[in-house]
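Have a look below at one chain only, the form predicted on its own, in C-alpha cells format.
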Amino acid sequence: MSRSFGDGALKRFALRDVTVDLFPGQLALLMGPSGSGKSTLLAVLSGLLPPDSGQVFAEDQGRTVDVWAMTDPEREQFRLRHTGFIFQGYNLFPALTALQQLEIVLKWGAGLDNAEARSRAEDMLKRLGLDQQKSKKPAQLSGGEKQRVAIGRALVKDPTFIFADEPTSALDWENGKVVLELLRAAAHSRQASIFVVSHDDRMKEYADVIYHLNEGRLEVEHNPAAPAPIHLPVEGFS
C-alpha cells in the first residue's frame, strides 16, 4: 500500500509499496525516526486513514473482508466490534470518570450489561494500578494515569486487533512494563493481533516481530529472543 500527502512539487510519500502481515498471537513493533510514516501506517491499517493505493484485509468471523471497501458505517462497526486503540493524546472523554471511560466501551462495543461492564472495568483499572483513581475525571489525573486509563480502555473488551501509538511515552518504566506485559498477554493468551508504534528500544524484548520504517520503506526484523507467536491460518493484514 502507499500513502502520500500534498500535491505536485509538494507531494511527499509517507508509505511506499508497504506490505505488513499481522497474525493472531503476535505483538508486532514498528520503529523508525520521527516523520518516517509510523503513525500513518498505523492509521491506514486500523481503518482511520485511507491509502492512496493498496488494500487492508482482515478476518471477520471466518471471512476475509477489505476494510477500505466497506462503507463508512460498516467500517465504524468493524472498529467498534474488533479493534482497540491507544493514542498518544489519550482521547479521553472530559466528563467521564476513569471507570466510566472503560464501562462505556464495554456497553457499546461488547454489549455487556451494567453490572458486568462495571466488574470488568474495575478489574482492568486494578491491574493497571488505578483502583484509587477510578472516580476521577481526566482533569484530575496525571499524564501517566491518563495514559493508563487509555490503555485500559483499549484492552478491556478483549479486541481482536489492538493498535498502540507510543503507549509507554507518558509512563515511567515500571508502569511501562506493566502495560507491555498486558499487551503481550493479550497477544499470546487471547490471540489478539497487537501493532505497536514506538521509539523505545526497551520494547524490543516484548515483541515477536520488529518492523523498521524509514522514508516510507519497511523492513522486517524477527526477534528470536521473544516467545514464539502462534500462527493460526488467518491472513491478517496485507
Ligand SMILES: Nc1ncnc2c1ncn2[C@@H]1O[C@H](COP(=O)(O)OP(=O)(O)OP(=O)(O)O)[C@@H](O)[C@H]1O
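Please read these numbers as outputs of a predicted model, since none were measured by experiment. Sequential numbering from 1, following the sequence displayed.
Just so you know, the form predicted together with the ligand exists too; it's not on screen, but the next bit is about it.
At the 4.5 Å threshold, heavy atoms of Q88 reach the ligand in the predicted bound form.
In the predicted bound form, the ligand sits within 4.5 Å of a heavy atom of T40. Interface residue remark: V20 is not counted as part of the site for the ligand in the predicted bound form, having no heavy atom within 4.5 Å. The ligand in the predicted bound form comes within 4.5 Å of a heavy atom belonging to S36. Contact check for F57, V67 and R217: none of the three has a heavy atom within 4.5 Å of the ligand in the predicted bound form. The stretch in contact with the ligand in the predicted bound form, judged by heavy atoms within 4.5 Å, is 28-36, chosen from 28-36, 200-208, 186-194, 173-181.
Of the residues in 1-21, those that come within 4.5 Å of the ligand in the predicted bound form through at least one heavy atom are, in sequence order, F5, A14.
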